[in-house]
Every structure is written in structure tokens, then in C-alpha cells.
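Single chain ahead, by itself, as C-alpha cells, in the form predicted on its own.
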Amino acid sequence: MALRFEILGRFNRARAAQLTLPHFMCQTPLFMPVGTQGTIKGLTTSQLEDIGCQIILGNTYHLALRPTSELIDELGGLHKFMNWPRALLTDSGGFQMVSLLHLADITEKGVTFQSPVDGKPMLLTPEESIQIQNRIGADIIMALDDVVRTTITGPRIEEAMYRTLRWIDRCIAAAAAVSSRRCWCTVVWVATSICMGGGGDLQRDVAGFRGGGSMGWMKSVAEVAAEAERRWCNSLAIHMTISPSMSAHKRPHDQNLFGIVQGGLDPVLRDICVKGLVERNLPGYAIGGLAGGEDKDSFWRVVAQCTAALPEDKPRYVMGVGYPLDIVVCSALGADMYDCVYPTRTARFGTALVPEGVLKLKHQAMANDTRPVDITCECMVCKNYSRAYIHCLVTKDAMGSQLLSYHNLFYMMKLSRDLHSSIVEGRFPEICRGRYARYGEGGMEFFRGSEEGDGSVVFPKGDVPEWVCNAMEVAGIDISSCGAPFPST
């Protein structure tokens, strides 16, 4: 294990910690900007250091396509390749099962993508994902998981959860571990005589023994054999092919493999996945499959369930979360790490993050506004440029999106620092109440610009979404002074 996680302060479920990684000592809660191909669009690594960025996220799938993990490895790893001295995290490529579903074919073996670069097929297996990430050299690497949207219902959710558990073992398994721990197995049943009341087709992949379901489950060789003898008959010949993928993870002493909790919005499946991953004693754990269109009430309940069940002494990472209000709520529920393209993507559309929510610089109301984007912000953009200047740029020049990307990431880094210090100093409820009193629904308080004014708040000040009130009640934080809750839509 190549990390140390030390909790420095708590407030009920919220915690502030020091996360020591091979390349940097981080303070949590923390937000990680997404640099898909080793870069944050429009910003230099020096600028990212200046604003306090601690970890940058890279994408295994895209880096494997261009410039290739082999080239990155030859040039000294991604840290050296992109001139970034601090920590890196690479995702596994699993999210592309959702974002590039039209190009992907998912099987037990792995995911076959049609390359968007040259159209050639690319098979990404759990083993290959880890090997690519080993070559890239990030401080934290993610296990390949089977990702489905939380808006999907039915057996596909269960299938993905169990496959995620099988795949984590393929990422970390070693041949010597077969006799002492669970491994990934493919069991082929061959009928040698008529049994089970007929001569049906009994040749199949292991069905698992969870209520006769169709999804496989990790079992030891002895368990599988005993179960077969009990449930079928002695005239079944059992042929087992064990594929532990000899030590897929080659760098456990300088890279940290995180597992990902899946299970959709089903609390039973989430619980099974959490327990299965915790048994494997990984350096850290992520909560995946969220921020994909589910309602906010379901979102926070999944986060609350998972953080309550994951180990206290390991970092907890909620994947794909980037709205400031969501980060505050998740931190109150005990999460530590977050990532999202939102701050930089919304900047490219001319939108700035401000304490009240967001400010749309494309609105005509900004054309003559000489104020900074945020009068309370100390970033380079707010010190030197007016709303009117950025308004001119965002519709015509890439410089506008670069300035807003800088400001938005500065805002997110300050939010992370504020959360950390408030928990350590026992002020966490105050910072929560201060933010909720200024936010509209979901932390997305849009400004409606008009020629008559400079932009006004759509949602009345003090109205807090009901889902936020419910989540904070579970977190043990009273925000009743912020105003009356209103139902989420």
C-alpha cells in the first residue's frame, strides 16, 4: 500500500484528513479536476499548482489511444510527460461503457471498443486496464468496473454489480492466492447422464448460487464443487478453468488500487458490493454509478449508505460529482474525494461559479458590468478582469473560457480548503449554513440576465431543497435557520 490516510478532524460523519500519496500530501475533502488526456484545457500545470490543485484525473481509455501508454512509459510516466509534480489518479476506462456505449460491446472477458480514432476494435480487460495504468504511473489507479446508468432498472444492474466484483479479483489476483482467498472462476458444467429430471442443456457458464440467479459469484474451488454435488448429482463432471491473471497489478508498492462500489439505486446490491470490496482490503474505495441522471433524493441516500459501510481508515471517493452543493452534502455524509468535468466544461460555455450559484457571462446584462466575476474571490481573474471584458471574450475568443476555467477551479479548490479547515476547527455546520443560505435548488442558482438589470436570482434566498435538508439531518447538521425546505423537482 502506497498511501497513508490520517483523519485530522471530525464533525459527526464529516471528516478532514491528510492523504499522503507517493507524489503529494493532500488535504481532504478534495476536488480533482479532470485532465482526460493529461491536460486541463487552457491551463498550464504551473497555474494548477498556483490555485492549489492537489490531484489531477487522467483517463486510461483515452491515454491508451493517444499518445499510448507505452509512449508515456518510455518518457518517464505521466507525471514527467505532462510536467506535473503532484498526485495523479487514472480511471479505469469503465465510464466509457456509458459515454461510448454505441462503440462498446461488454462481455465477461472485458469491453471491446471501436476506436473513435481509427475505427479499430480495442479490447479492454480488467488485466489490460491495470497494465495500462501501471505504465501511466498514477498515484491512484481504479479497477475496471461494469458501469451502467442509474436510470436503468432490471437485471442489468445486478449483472454489472457482480461482474464488478469478479473483475476486481482479476485486477489483483495471483496464482498463489487461489488456495487461500476467493478467485475469479469460470465453471463449465457438462451433463454426463440425464439428471435434474431431464436432459436439458446443462452446459453453461457458472450461474452462481445466489437464489438460482443468472449472475456468477466468486467462490473457492471447494465451495463450487460442494455446491454442485449438493444441488445436482454425482454424474455431473465439473471442469474448472481458473483465470487468476497472475499478478495483474504489478506496482502495488507505488500505486494504490481503488475498488468501485456499484449496484445502482438498489440498497441490497450496494450492500453486497461494499462488503465484497471491503473483504479485499484495498487501499481506498470509490462510490460509482452516480451523477448519471438519478433524482437527488436517491443520490444522497446511496452516498450515505456506502460511506456508512466503508472502512473508517480508508479514503472514500464519490465519482463524477462536481456541483459545489453536492460536494458539501457528500462531505457531510463522510466522503473525501470528488471529480468532475463540470467546472471547466461550464466555463467553456461562459458560466462562472460564484457563492450564490452560477453567473452566466454571455448574458447581455454583463456587457457593461465593470465588477469582477465575484467580488469576494481572490483569484487572478477576479483581481484583473471585469465581467464586461470576459463577456466580450466568451463569445469570440478562447481566452474567455481559459479565464473562467481558472476562476472556476480556483473556486473549487477554495471550497475544498474551506471544508477541510471548517471540520478541523469545528466550524463545519456554520460553513454549511452559510452556503445553503445563498444557494438555490441543487446549488445551481441561475441568474436571468435582462437588459434592465445585471442579473437576478431565480430562486428565493433561503429556500433549501428538501433533499438537502433530509441529507443534512442524517449527517447530524442543523440547517433549519437557512429557511424553509421546498420539494425537489
Partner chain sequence: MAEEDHLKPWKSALREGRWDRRLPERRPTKVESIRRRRYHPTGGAVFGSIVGGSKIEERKRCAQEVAKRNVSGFCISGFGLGESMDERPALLSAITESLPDEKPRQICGLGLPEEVLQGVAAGIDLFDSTYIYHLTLGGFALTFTSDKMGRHSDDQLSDTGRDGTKINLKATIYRKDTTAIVEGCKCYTCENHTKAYINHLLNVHEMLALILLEIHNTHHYLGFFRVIREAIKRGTFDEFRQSFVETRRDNIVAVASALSA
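Positions refer to the first chain, counted from 1. What you are looking at is a predicted structure, and each value in this text was computed from that prediction instead of being measured.
What follows is about the form predicted together with its partner chain, which we do not show.
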item: Contact test in the predicted bound form: residue 389 vs its partner chain, heavy atoms, 4.5 Å; value: no
item: Residue 298: touches its partner chain in the predicted bound form, heavy atom cutoff 4.5 angstroms; value: no
item: Contact flag, residue 131 vs its partner chain in the predicted bound form, heavy atom cut 4.5 Å; value: no
item: In the predicted bound form, residue 429 touching its partner chain (heavy atom, 4.5 Å); value: no
item: Every residue of 377, 384 and 395 near its partner chain in the predicted bound form, heavy atom within 4.5 Å; value: no
item: Candidate stretches 257-265, 310-318, 143-151, 395-403 - the one whose heavy atoms come within 4.5 Å of its partner chain in the predicted bound form; value: 395-403
item: The single option of 281, 107, 83, 364 touching its partner chain in the predicted bound form, heavy atom within 4.5 Å; value: 83
item: Members of 33-51 lying within 4.5 angstroms of its partner chain, judged by heavy atom, in the predicted bound form; value: 37, 38, 39, 41, 42, 43, 44, 45, 46
